[in-house]
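Take a look at this single chain, the form predicted alone, given in structure tokens.
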Amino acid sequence: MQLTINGEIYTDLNAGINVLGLLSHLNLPKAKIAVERNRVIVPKSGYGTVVLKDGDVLEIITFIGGG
């Protein structure tokens, strides 16, 4: 399965992976992250149920505090 994540193409993902599985695969915490799939924000409550499909385009944004 091929996904585009933050402009990079990933082909090493299993079909049927959900957002939570993707975050785990990428070693990203689910806290302080926003995920956009095909220009639509995925709610955190959907991370375990939203199944990604071949060709999906994702943007993953990590929030960083500072001042």
Partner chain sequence: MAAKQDNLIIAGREFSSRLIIGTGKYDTYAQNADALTASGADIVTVAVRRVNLTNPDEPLLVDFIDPKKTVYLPNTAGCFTGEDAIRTLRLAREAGGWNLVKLEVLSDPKHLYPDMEETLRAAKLLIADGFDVMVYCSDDPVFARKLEDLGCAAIMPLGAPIGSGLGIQNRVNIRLIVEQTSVPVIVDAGVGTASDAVIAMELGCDGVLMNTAIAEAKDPILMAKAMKHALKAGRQAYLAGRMARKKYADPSSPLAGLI
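Being a predicted model, the structure only gives us computed values, none of them experimental. Residue numbers count along the first chain shown, from 1.
Below, we turn to the form predicted in complex with the partner chain, even though it does not appear here.
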property: Contact test in the model of the complex: residue 16 vs the partner chain, heavy atoms, 4.5 Å; result: no
property: The partner chain contact at residue 43 in the model of the complex, heavy atom, 4.5 Å; result: yes
property: Heavy atom of residue 54 within 4.5 Å of the partner chain in the model of the complex; result: no
property: Distance check, residue 2 to the partner chain in the model of the complex, heavy atom within 4.5 Å; result: no
property: In the model of the complex: members of 1-18 within 4.5 Å of the partner chain, any heavy atom; result: 5, 6, 7, 10
